[in-house]
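Considered here are two forms of the same protein chain, supplied as C-alpha cells in two stand-alone entries, structure 1 and structure 2.
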Structure 1
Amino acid sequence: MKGFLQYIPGNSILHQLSPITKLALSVLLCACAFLSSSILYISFLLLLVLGLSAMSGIGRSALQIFSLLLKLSLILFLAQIFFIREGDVLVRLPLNLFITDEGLAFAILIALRLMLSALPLALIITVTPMSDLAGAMVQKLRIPYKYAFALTTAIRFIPIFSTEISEIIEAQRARGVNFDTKNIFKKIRLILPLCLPLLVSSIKKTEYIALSAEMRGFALRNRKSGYKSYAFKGRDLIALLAGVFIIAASLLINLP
C-alpha cells in the first residue's frame, strides 16, 4: 500500500491541467457513470482513465486504486445479483437463489458505475499537490481557506494513516496476534483493539499539525494570500470540451 493516494510529482498533461479542470472532469465522468446505462461505454471510459493515467506516469497507483475499487464493487455486485428476479434464469442455486441475465447485466453496471465514479476523483490526488487543490478552490470557487485546508489535510492524512495502520498491525503481529484467521467475526475482534493506538496517534498528529499551521500564520490567511494563480489555459479548455463531448456521448450512445 506504499504510496497509496499520494501525490506523485510529474510533468504530464494531467499534472499541468488546472486543479479546477481536473475537479470538473472527475465530476463529469462521475455524471457519465450514472447517466449512461451502457456497460460497453462505461468500460470504455474506465479504460480511457486507466490509459491516461499510464501515459501520465501514475499507472501503478491507478491500478492500486482500481484494484481496491474492484474489491468494493465485487461486494456491490454480489449484493445486487441475487435481488433482481426479472429476466431469463441463467444459473439456479440452492436456497431458492438464482441469477438472471438482467440481474447479471444490472449488477455489472452498478459495479462499473461505482468504479468510474470514484476512480477519477481518487486519481486527482496523485496528480495534484494538495496545496494547489486548496489554493485553486479558494481562488476560483471562493471556498474559505479554512475549509479547503481542512479538506486537503484530511486527504493528505489518508496515506499517513494507512502507513500507521499497517505499522500497528505489524507491531501486534510481532507480539503474537494472528490476523490470518478466516473467521470474519474473529478478525473484527482482533482488529477492534487497534483503534485505540490509532486514535491516540491521530489525535496527537492533528494537534501538532494545527499548532504547526498556527505557528506559521495560518490565521492570517485570506483569499488574496495565494502566490500561485490557477489561470485557465488552452489545454484546460480542450480538456473541458472533451469532457462535455464525453457526457453528450453518454446520453446519445445506448449500447448494451
Structure 2
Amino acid sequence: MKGFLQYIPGNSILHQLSPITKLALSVLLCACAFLSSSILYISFLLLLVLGLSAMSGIGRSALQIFSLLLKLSLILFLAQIFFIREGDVLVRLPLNLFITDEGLAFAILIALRLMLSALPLALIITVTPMSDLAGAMVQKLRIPYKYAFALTTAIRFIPIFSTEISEIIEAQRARGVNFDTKNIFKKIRLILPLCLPLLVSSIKKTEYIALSAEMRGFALRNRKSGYKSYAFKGRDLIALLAGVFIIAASLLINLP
C-alpha cells in the first residue's frame, strides 16, 4: 500500500485550513460516530468525508484507507451479528445461530461507527505536514514539544513501516515464497517471521532520529522556537461552525 498515510501536497481548502482546525474537525466527526445512532446519518457523513477527500485531491488515499477499514468493519460486523439475539429472527443458520433484525441493525451501526471514527483522523494526516501539526500543537495548544514530537514521529513511521514491509514481502516473493494464498492462517504464519527484520530496522531508525534530534538542540525547543505562525482565519471559523452544525444535527436526530 504505497503512499499509505503519507502527506499529499495540494492547494485545496482542506490543505489551507489551520492544523488545529483540521484536528478539531476530525475529532468532531469522530464524536458524531458515537453521538448518533442513525445508520443513514452516519452513512451520509462517511460519503461527505469521501467527497471532501476527492475534492481535495486525496481520493485515492481515502479509498485505500476506506478499503482497509471496510475489511476490519466486516470482521466486527460478523462478530456482532451473531451475538445479538433480541428482535425478530430473519435468518436461521446451523449450530443454533440466527440473525435478528435488531442484531443486523446494530452490527451495521457498529461497522459504520468504526469507519467514521477512524477515517477523518487518518485523512487529516494526508493533508497536514507533520511538522506543521507538531508546531501548531505546541504554539496553540501549549503542548510540550517533546510530546508533540513523539506523536508526530510515531505517525511518520506508519508509511515508512508500510513501505518496508512491502519491500520485504517482495524480496521473499522473489525467493519463491507464496504470499498470495487465500488461507488467512497460512498468510499470518508467513508474515510473522518478517516482523523481526522490521523491528531491527525500526530500532536503528530510532537511534538515528534520537542522535539527530540531540544534535539539533531538541532539549532546548519550546513554544517560541518555531518560525511559523498558525493564524486563525475566516475559513477556519466557517469550518468549525460546520463541525458544530454536524454535531448539533447528530444530537437532534436522536431526539424522540
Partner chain sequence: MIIFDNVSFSYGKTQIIEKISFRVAPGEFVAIVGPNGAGKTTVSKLARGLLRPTSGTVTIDALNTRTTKASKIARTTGFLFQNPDRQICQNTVRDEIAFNLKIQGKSDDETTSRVEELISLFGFDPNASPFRLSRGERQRLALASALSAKPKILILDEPTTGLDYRECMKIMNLIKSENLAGTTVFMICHDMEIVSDFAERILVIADGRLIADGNPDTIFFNKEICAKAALLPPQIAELSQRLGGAYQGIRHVDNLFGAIRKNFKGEATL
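A quick note: this is a predicted structure, and the numbers were derived from the prediction, not measured. The term rigid core refers to the maximal set of C-alpha atoms that superpose within 1.5 Å between the two forms. Start at 1 and count along the sequence of structure 1; that gives the residue numbers used here.
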Same chain, two copies; the copy that is the form predicted alone is structure 2
Threshold 2 Å Cα movement between structures 1 and 2 for R85, core superposed:
no
Answer yes if the CA of L141 moves 2 Å or more between structures 1 and 2 after aligning the rigid core, and no otherwise.
no
Superposing on the rigid core, do we see a C-alpha displacement of 2 Å or more at R173 between structures 1 and 2?
yes
